[in-house]
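Encoded as structure tokens, the following chain is the form predicted on its own, with no partner shown.
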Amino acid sequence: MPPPHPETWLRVTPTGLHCAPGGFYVDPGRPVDRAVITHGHADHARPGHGAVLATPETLAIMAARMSEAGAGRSRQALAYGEALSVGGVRIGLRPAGHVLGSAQVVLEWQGSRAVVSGDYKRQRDPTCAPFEPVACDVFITEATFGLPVFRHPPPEGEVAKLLRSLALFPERTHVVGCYALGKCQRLIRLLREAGWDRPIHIHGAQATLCALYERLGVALGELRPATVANRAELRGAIVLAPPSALQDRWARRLADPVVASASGWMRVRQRAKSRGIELPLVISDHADWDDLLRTIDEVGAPEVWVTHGRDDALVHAMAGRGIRGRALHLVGLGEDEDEAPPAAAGGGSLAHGVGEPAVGEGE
């Protein structure tokens, strides 16, 4: 008797992706009794669950962002490469390369294997473990940047662009919009690797997670609060802030600022221009078009499900490869991050036109 197809035991519900024999959800969009969480971004890690399973780093991030009480009534850490059984379903976590602690969820039941990628990238990130392809029967992927126009350049080149601008305008403050979880810390580490050993100023909204990264072993160097620094201290300095803070009154204290943004969406010139971004930096924590296709080839799954993003283009491309594609239309994913797929006002769950305004915490 052949193994059961994953669509017989993994089902899309209004709450999210449900594993029926295990009785748990992966990244559910509302509180549930049992949840497996891929990473700490708030569109994947929601408060109010009963039991939560995730990597130790993701559990720490959840507690820091939503308090101990909100991060789950009970929490169980599962390290990369470890596994446990729930209702006969074997659960394992493997690195996703998205942010610190991010994981793919590997599910096996009665000889059938499905991998839920969560959000992921394939570019190098000095703050988290790199993505590991896992062979499977069904690969469940994101498609935030699932269009051929999105091809992310090496992040080191984008950081070099920032440093060249600092050399050209040594009296101006360079303020970079970057999401508080993952992007901020990655940008700091890339700057350190590029030789920037001066203090980096951060917005208060980023301080808690930077301190947590340090406690979890990611060295960031000297960081100073930008919100209490005077204008003279910030001349020639790098300031990191949530993208939503770039237009706040707080930003007016900066010394003739060069406004930058670190996001995969900076590939879209209209998007950068509409937001007043003088220095767009194409630095993404999601896989681009080429890396989405490369990953699908490497896992070797005959069937691929797409959770959110530009699923139409990716499903079409897979058909040309002889791979069955399926769009899951999971509600709520991609709505929170600075790299959330652009959605119409009101909070649609999927990407619409490229360059439209996004809804979410970071963008």
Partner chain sequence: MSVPAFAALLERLVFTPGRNAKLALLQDWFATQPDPDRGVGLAALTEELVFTAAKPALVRDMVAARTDPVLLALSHDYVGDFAETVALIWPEREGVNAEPPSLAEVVEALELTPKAELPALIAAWLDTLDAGGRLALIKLVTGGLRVGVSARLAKTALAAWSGTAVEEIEEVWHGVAPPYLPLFRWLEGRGERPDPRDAPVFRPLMLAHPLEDAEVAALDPARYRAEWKWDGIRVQLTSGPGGARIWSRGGEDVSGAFPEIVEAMRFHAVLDGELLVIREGAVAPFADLQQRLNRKLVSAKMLRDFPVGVRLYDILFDGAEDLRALPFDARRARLEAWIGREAPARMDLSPQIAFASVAQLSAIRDGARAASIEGLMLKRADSPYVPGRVKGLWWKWKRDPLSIDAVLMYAQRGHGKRSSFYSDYTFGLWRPDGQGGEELVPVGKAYSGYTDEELAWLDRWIRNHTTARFGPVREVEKALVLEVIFDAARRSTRHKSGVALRFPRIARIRRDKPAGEADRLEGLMAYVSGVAEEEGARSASASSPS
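Residue numbers count along the first chain shown, from 1. Bear in mind that the values here come from a model prediction, so they are computed numbers and not experimental data.
Not pictured, yet referred to below: the form predicted in complex with the partner chain.
Exactly one listed residue, out of Arg252, Arg73, Arg215, Arg124, brings a non-hydrogen atom to within 4.5 Å of the partner chain in the predicted bound form: Arg252. Asp256 is the sole member of Asp256, Glu222, Glu82, Glu193 with a non-hydrogen atom lying within 4.5 angstroms of the partner chain in the predicted bound form.
When contacts are judged by a 4.5 Å heavy atom cut-off, Trp289 counts as touching the partner chain in the predicted bound form. Not displayed here, the partner chain is kept clear of Ala135 by more than 4.5 Å at the level of heavy atoms in the predicted bound form. Taking the partner from elsewhere, Pro148 is found to have a heavy atom lying within 4.5 Å of the partner chain in the predicted bound form. Residue contact check for Val89: none of its heavy atoms lie within 4.5 Å of the partner chain in the predicted bound form. In summary, the region of this chain contacting the partner chain in the predicted bound form, judged by heavy atoms within 4.5 Å and restricted to 104 to 112, 202 to 210, 180 to 188, 257 to 265, corresponds to 257 to 265. The putative spot formed by Arg269, Lys273 and Glu278 is fully lined by the partner chain in the predicted bound form; each residue has a non-hydrogen atom within 4.5 angstroms of it. In the predicted bound form, the partner chain lies within 4.5 angstroms of at least one heavy atom of each of the following residues of 160 to 194: Lys161, Ser165, Leu168, Phe169, Arg172, in sequence order.
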